[in-house]
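One chain comes next, on its own, written as structure tokens: the form predicted alone.
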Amino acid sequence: MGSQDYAFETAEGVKNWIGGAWVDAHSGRTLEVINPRHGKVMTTVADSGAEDVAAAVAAAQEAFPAWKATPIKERAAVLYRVRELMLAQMDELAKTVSHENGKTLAEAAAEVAKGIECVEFGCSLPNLSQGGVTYVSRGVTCEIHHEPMGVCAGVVPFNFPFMVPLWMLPQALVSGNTFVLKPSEKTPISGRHLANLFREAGLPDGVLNLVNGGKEAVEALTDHPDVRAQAFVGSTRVAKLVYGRGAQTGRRMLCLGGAKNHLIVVPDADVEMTAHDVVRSFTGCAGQRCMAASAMIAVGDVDTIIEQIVDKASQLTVGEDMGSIIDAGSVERITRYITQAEEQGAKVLLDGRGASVEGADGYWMAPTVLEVDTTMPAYTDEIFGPVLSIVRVKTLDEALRIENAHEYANGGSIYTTSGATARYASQRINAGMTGVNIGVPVPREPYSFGGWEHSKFGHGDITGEDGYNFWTRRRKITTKWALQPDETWMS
């Protein structure tokens, strides 16, 4: 892609990357890829089926023995080279994310930077993976080896097309696995970039494979008997289906679903910081991220803070400060939630419906702020757009009861200037990722990413040390070389 701006550009069609070659889908089918800022077709992507998945898995199986036998430091060395290539190509990578996803260029650059951080953690794995040896009895030692699972797979969403694959690939590949990645059919160009980066960094053919397409490709990958571990990131509805389907094959599964992240705001919260953070949280990436603050619980008299939130959000310029929505169907869904809430008696404090951007006839929604009650779908459901639903309560304990009762438990934060209040709330918020005066409480590497309840299905988290453990299995070796003068149960 060319210059660093938002002007519409077309791109070469995206094929599958199997065994070190770019190939069309076996059926010859393709899907259109829309630039959401302009609402126009920018390229096409292969629409794969079971035969394409089988070919990718076979290539990964063929590459596995040699890759497993490669010393871990040599496997990690590939990631060092990937990191340098990513830094050198950062502008191009950010441009790609912006054009296929609709993010602003600044948001896209931040996504690439976070992806680089994930790669850096993968580079450290040779130093973190030591199992150690312990003398457990006279003449007897026990040790642990972390061994790769084999052929692994990942299915990733449109909202972070470059970063989310890098939640998986560094740990999985450095561990000695081979991998089949299924990018979102809405944002496949970032996946192509990743494949090219790993190829240029010296990753052997077949170690990383890409199969593009939609539901048929996901189902074929989830059903394939030779996939030993699989991760998924997407909506809770699909995460449940994929988790259940994959678990029936006996493979290891970890599926991250949706969220309804709560920000609890109490009267002593810093007005400026709270208003700034809340706005950035619910409007960042046009609200299309699982860590967006989509629900705010206002405790007592925080009207001044709410007024500041509405004022700051109203000053954002759609198309400059905030990017586009991924497609027309998403705009319709978000609009439907707002209209339904209004019909049910919600107060519309800021209305973002009908937004447009001159010269960009794509899919837009401006920031929206609603006052709702907990029975409304605008509160209970994940809207996945720049909509903040505010619920008013009288006490912090009431706020915590409401937050704890929600089916999602991905992230939650408390805004306060009191250390005692912060400690009280942060120990009671029901969420896998909790913040104090943080609008997007995403842990940085090496701390792991993952929610609770219906925000995640499976054991452990997807990044950090948990990610490494997910893509490996432990071999425990107990050794004795000489007969000892006394006896134990190990004799």
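The structure presented is a predicted model; accordingly, all values stated were derived computationally and were not measured. Position 1 is the first residue in the sequence shown; the rest follow in order.
Same protein, other form: the form predicted together with ligand NAD, not shown, and the subject of what follows.
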| query | finding |
| --- | --- |
| Contacting member of T96, N159, S175, T274, with respect to ligand NAD in the model of the complex [4.5 Å, heavy atom] | N159 |
| Residue among R336, K394, R199, R237 with a heavy atom within 4.5 Å of ligand NAD in the model of the complex | R237 |
| Ligand NAD in the model of the complex: contacting segment from 143-151, 299-307, 109-117, 179-187, heavy atom within 4.5 Å | 179-187 |
| In the model of the complex, G214 touching ligand NAD (heavy atom, 4.5 Å) | yes |
| In the model of the complex, Y415 touching ligand NAD (heavy atom, 4.5 Å) | no |
| Contact of F449 with ligand NAD in the model of the complex (heavy atom, 4.5 Å) | yes |
| N410: touches ligand NAD in the model of the complex, heavy atom cutoff 4.5 angstroms | yes |
| V155, W167 and V218 each touching ligand NAD in the model of the complex (heavy atom, 4.5 Å) | yes |
| Any residue of 246-275 that, in the model of the complex, places a heavy atom within 4.5 Å of ligand NAD | L256, G257, G258, A259 |
